[in-house]
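Two forms, one chain: they're shown below as structure tokens, one block per form, named structure 1 and structure 2.
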Structure 1
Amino acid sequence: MSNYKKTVGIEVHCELKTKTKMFSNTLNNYGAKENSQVNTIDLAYPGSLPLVNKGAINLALKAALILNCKINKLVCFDRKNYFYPDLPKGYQITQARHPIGVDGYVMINVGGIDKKVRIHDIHIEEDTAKSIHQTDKSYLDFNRSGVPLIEIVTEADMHTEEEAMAYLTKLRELFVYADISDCKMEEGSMRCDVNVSISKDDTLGVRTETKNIGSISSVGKAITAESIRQEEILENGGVIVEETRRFDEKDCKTILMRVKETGNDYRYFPEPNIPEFEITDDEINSVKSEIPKLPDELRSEYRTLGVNENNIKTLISNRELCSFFEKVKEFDPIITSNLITGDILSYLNKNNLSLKDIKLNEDNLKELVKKIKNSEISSKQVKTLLPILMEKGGNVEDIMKEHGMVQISDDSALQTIVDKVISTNPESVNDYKNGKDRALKYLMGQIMKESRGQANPVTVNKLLIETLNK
């Protein structure tokens, strides 16, 4: 076991879900043909001037609010000066002096223990072009240039890989549910830089930054790899140098990119082409009113409704499923959650579909849940009926009639079936009378088979027990 204590801080860049870019009216359209979503502002043509995207400001404000930040009502931008081919202006427009939110926090839970991760600040900036590197050439796609970003910077409050991954999972949940960002790390709309230092006491060691890590699980691996590298250096009498590194997924190690720059290298100064402006209290309250139920509130509500923890976890992890559940849960949340996270999700995964691709809707799912609750349909029949609803849609009652699923609930008709099964299964009857409970299940199964699954199971169970006990 290591004698060193890890300290971790994280910087997350999230692209905002806006229709257009941060400072131009070009569409913010991921997946479009390379260099097709650009204009003179994105490409830094001489004389082109930026125009602030108000929708991006509102999304950044919403993010600051749900991260419990103090809001800077004064909005102003700065130039961060550096040269790189993906930055056509030679500088990036960002917020260095007045980030839109400061002094926030996020609550995480690791191993049943709650922990507060403090947010130093959240600020708005523009994305760079995308670089595509090949063996002997590099290419630039300027579709991403100018896409609105928020950068969320934590304090150095995390000390384990598990805490870092829990923080990122929580951040992604919040932003997805609040419609701030889709946080698709595989598409680059959420990117993580991790600062790691180690020390044998409570003083902070020299930190390194590992940039652009591609997944939450890889963040954990990168922290482990970098802390091991630093420990080996210190144990061999060396010193840690403040530097920027990248994480090699294949070899699971960090690799030097460059010696760490200082803030002065960027020569920040106020952006002269964007006047300062203020966010009003009315605008803040308007954005607050748009914040939907967030995951922690939903979890608490679902537990109160009796939904089991596995179903809650599945629902919260899939916003589409969760939104659907919210619309149909009122009649019986337990039955509904079992259907959605069970047979429905299984069908979607098996066929690589989403809810929008199937015919099942709120009305016919509610109708199905009602019939299950009223014992008008058996579990076996549900498994037959659900794929029909998902493939073709339609009225549940009509489908049940068409496929011979309408239940027999008439006592006299069911009694006839019960008597027949009892008379043809004397051994099971004797087993039941000798206290073997599984005999009752067997007889029930034979009755359902005899009725082709149409017998009302509640009524049958009552008649069967009464008949056997005579």
Structure 2
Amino acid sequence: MSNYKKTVGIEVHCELKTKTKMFSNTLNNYGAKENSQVNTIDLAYPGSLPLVNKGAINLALKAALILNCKINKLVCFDRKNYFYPDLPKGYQITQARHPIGVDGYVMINVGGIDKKVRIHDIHIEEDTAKSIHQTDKSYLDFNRSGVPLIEIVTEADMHTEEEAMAYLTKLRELFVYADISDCKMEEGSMRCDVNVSISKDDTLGVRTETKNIGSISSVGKAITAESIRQEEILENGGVIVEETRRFDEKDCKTILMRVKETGNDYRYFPEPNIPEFEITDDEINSVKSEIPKLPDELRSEYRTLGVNENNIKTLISNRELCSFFEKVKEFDPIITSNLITGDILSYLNKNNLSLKDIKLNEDNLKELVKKIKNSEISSKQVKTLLPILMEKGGNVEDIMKEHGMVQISDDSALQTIVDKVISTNPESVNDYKNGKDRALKYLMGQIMKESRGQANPVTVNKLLIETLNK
């Protein structure tokens, strides 16, 4: 066990889910043909001037509210100057002086213990173009140039891999639920830079920054690898140098990119082309009202409704399923959650589909839940009926009729079966009379079998007990 304590701070960049770019009217269209989503602003042609995407401001504001930040109502932008081929203007427009949100926090839970991760600030900026390097040439795709980003900077509040991963999972969960960002790390719409330092006491060690880690689990691995590397250096009498590193997934090691010299000189100054403006309280309230129920609230609500933890976890981790569940849960949350996280999800997974690809809708699922709750359909019949609903859709009642799933609820018809089963199973009848509950279940099973699953179990139960007690 190491004597060193790790300290971790994280910077996350998220692309905002907007229709257009941050400072131009070009579409924010991931996956489009290279250099097809560009105009003179995105390419920094001489004479071009930036616009401001109010939708992006509102999404960033929403993010800041969700992260419990103090809101800077004064919106203004700054230029961060540096040369790089993916930066067409030679500067990035960002918020250096007045980030839209400051002093926020996110609650995480690791090993059953709640912990607060403080947010230093959240600010708005623009993405760079994408460089594609090949052996002898580099290519630039400017589609990404100017895509709205928010950068979320934490305080150095995390001390384990688990905490870092829990923070990122939580951040992603929040942004996906609030429709702020797709947060797809594989597509680069969420990117993480991790600052790690180690120390034997309460003073902070020298930190290094590991950039652009590809997944949340890799963030955990990178922290482990980087803290081991630092420990080896310190244990061998060396010193840690402030530097920028990257994580090699294959070797599970961090690799030096560049040593930070005397601090980068970005020559920040206020962006003169964008006059500062104020966000009004009305605007803030309107954005607040758009914030949907967030995972923590949903979790506690589902617990109160009696949904089991596994189902809750599955629902929350799949936003599409969860919002579907929200719409259909009213009648019986437990049955509904079992159906959604059980048969429905496994069907979707098996066929690599999402909810919008299948025919099942709110109405027929609600109808099905009602039938299950009223014991008008057996679990065996559900297994037959659900795939039909998902593939072809339609009315539950009609499908049941069509497939001979109509229940026998007629007392006289059922009484005949009950009488027959009682007469052929004298031993069980005897057991029942001697107080053995299992016997009742056995008899029920026999009746259901006799009726080929079409007997209404509620009615059968009632008739059986009545007959036995005669």
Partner chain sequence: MSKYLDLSIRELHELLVSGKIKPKDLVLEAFDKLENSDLNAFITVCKDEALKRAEELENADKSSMLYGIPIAIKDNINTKGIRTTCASHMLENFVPFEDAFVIDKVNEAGMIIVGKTNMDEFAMGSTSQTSYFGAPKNPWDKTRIAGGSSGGSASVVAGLLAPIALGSDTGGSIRQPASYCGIVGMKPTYGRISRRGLIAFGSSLDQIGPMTKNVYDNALVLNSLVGYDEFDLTSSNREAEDFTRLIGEDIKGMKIAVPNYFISDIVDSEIKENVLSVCELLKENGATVDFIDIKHLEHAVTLYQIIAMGEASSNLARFDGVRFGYSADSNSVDELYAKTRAEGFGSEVKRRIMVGSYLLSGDNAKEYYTKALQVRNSMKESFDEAFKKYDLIIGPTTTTVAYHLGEGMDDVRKTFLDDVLVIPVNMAGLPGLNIPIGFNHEHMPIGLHIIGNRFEEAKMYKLGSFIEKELNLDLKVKEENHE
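These figures come from a predicted structure and were not determined experimentally. Structure 1's sequence is the ruler for residue numbers, which start at 1. Note that the rigid core is defined as the largest set of C-alphas that superpose within 1.5 Å between two forms.
Of these two, which one is the form predicted on its own?
The form predicted on its own is the one given as structure 1; the other form is structure 2.
CA of Glu11, rigid core aligned, shift of 2 Å or more between the two structures:
The answer is no; the displacement is under 2 Å.
Following rigid core alignment, is the displacement of the Val429 C-alpha between the two structures equal to or greater than 2 angstroms?
Yes, its C-alpha moves 2 Å or more.
If we fit on the core, is the Cα of Ile57 displaced 2 Å or more between the two structures?
After core superposition, the C-alpha of Ile57 moves less than 2 Å between the two structures.
By how many angstrom does Ile447 shift at its CA between the two structures when the core is held fixed?
Rounded to one decimal, the shift is 3.8 Å.
After aligning on the rigid core, report the distance the C-alpha of Lys462 travels between the two structures, in angstrom.
Between its two positions, the C-alpha of Lys462 lies 5.0 Å apart after core fitting.
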